[in-house]
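So here's one chain in two forms, each on its own in structure tokens, numbered structure 1 and structure 2.
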Structure 1
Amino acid sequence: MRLLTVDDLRTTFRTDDGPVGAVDGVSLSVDAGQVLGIVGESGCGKSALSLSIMGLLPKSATITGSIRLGEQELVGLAGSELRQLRGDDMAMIFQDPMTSLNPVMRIGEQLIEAIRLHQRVSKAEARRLAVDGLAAVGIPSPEDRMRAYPLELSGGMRQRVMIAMALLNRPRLLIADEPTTALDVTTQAQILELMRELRREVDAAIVLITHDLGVVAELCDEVAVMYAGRIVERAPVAELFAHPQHPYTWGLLASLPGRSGAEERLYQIPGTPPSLLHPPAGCRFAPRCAFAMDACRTDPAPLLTATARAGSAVACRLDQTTRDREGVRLSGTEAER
């Protein structure tokens, strides 16, 4: 069952220098029980996309297009209705917990409030659920941590509190923005297992925003590769790692440690991402692409279209034969065969 549908989403921020199109024509869908990974460099629009879905954009932003949670349209929904959906039907794990936790409220008070806003339970039951939630994300002495203020916890501990808060009400849609960045490997494994449990228990859809392609390979069913506000490739996770179709994806995979040999320098994509104040006229990756043709630089960028690979779609003018040959060679997947 289709749970999240995003159609031609455009999110623009007003700045003193002019409008910045952080999300430009993004369309995607996620089914119940599916995990979609969104990857790309910093500044490519991943977080702006997630905030657009959650309805948490600042007043300087304008949004057009469609975002549907099940059959309910979220674009243009009243603030009170969005607040009811957030934390109940959909939740988000934010990248920076210090901007999300109230610094003058104890951890326990914030967790109990989040539970009682969406569940008809007593304060004592809410407290029990909050303690269980902290224990589930690997926080030691959860009863003691309930009395702590955010500043009394380490960065990794605060991140685990945010994850616990997002999972408390068992949302149908979970958006996780770099959820394991500040965590050690053991805790990261615990968090990924919690996401799997949420998926199994309530058939939740998960959108995982991350730089860690290892996490993507372990948890995701499909991957969308985002560059300069647009999705340039989408594919089942195994297909993307085995047969990447877009030159930008080739660069991301080639930069993974261990792909090129232990003694070789890691690959670096030449150049820098374009300014979204004045993006290129054609394909936004063309200035950094070794395969760019004249049309790539001047004509409107191609739309995301299906390839010969099962379930894969790409926004690129290269022919299928070239994409198959160079994708395997340049991404480093050739060495793994």
Structure 2
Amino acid sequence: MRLLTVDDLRTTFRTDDGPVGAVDGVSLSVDAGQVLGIVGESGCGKSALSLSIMGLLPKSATITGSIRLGEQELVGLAGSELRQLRGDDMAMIFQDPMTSLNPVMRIGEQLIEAIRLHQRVSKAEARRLAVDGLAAVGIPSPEDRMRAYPLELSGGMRQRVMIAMALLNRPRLLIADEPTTALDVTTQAQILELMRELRREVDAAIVLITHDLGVVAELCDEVAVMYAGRIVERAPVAELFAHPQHPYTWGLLASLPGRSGAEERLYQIPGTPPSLLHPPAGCRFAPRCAFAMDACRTDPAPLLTATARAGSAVACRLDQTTRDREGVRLSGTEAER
């Protein structure tokens, strides 16, 4: 069942220097029980996209297009109606658990508040649910932790609390915006393990935002590659790794450790991402793309279903044969085999 449908979403921030088109015509969809990964470099608009879906953008942002949760249109929804959905039907996990919990409220108070915002239950019942929630994300002696303040917990524990909080009201949509980026490597692995378990248990559609393709490979069903506010490629995970279609994706894959074959140094895509304040006219990757044609510099290619590849779509002018050949060669998939 299709749970989240985003259609031609555009999110623009008003700034002193002019409008910044952080999300520029993004379309995507996620089914219940599926995990969609969104990957892309820092600043490509991943957080702007997730905040748009949650309706959490600052006042300086305007948004057009359509976001549907189930059948319900979210764009243009009144604040009070959106508030009822947030934390109940959809929830989000933030990047930095150090800052996303209120430092002067006990963990328990925050969890109980989250429950009672959406469920008509007694304090005692909410308390029981909160303890269960903490136990479910693998927090030892949850009863004691309820009384703790956030700064008494380690980063990993805090992120578990944040995850528990997001799951308390059994949301249908869960957005995780780089849930492990702020954590050390061992903790990252533990949180990913937790996400993997939860994936099986909660029947929610999950959008997992990351700049780490390794995480995508482990957790996601589908993946969308974002570049400078647009989705340039979307594919089932296995397909993306086996037959990457977009030159930007090739670069991303080549820069993964262990994939660039004989070369010692990690591959880096030449050039830098464009400023979203003054983006290039055509394909936004064209200035960095070795295959760019004249047409690429004036008109972006639309995101079209790749002819020979089931379930994937790519926004690129290259013909299928070239894409298949170069993709395998440049992204280092061959070396892996």
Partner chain sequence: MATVEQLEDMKTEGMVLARTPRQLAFARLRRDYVALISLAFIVLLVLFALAGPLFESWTGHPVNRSNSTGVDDYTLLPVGPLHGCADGLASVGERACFVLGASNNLGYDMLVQLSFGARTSLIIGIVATFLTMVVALLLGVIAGYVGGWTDTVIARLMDVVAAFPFLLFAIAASVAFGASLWFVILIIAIFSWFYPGRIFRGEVMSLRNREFVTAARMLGASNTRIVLRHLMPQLIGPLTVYASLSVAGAIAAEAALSYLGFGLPLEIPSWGRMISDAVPGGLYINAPFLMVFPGTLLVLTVLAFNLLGDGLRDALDPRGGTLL
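None of the values given here were measured: they were computed from a predicted structure. Take the two forms, superpose them, and find the largest set of C-alpha atoms that agree within 1.5 Å; that set is the rigid core. Residue numbering: structure 1 sequence, from 1.
Only structure 1 comes from the form predicted alone. In the core-superposed comparison between structures 1 and 2, Glu41 has its Cα shifted by less than 2 Å. Superposition on the rigid core between structures 1 and 2 places the CA atom of Val202 2 Å or more away from its counterpart.
When the rigid core is held fixed, the Cα atom of Val225 travels less than 2 angstroms between structures 1 and 2. Relative to the superposed core, Pro140 moves its CA by 3.2 Å between structures 1 and 2. Look at Leu192: with the core superposed, its C-alpha moves 4.1 Å between structures 1 and 2.
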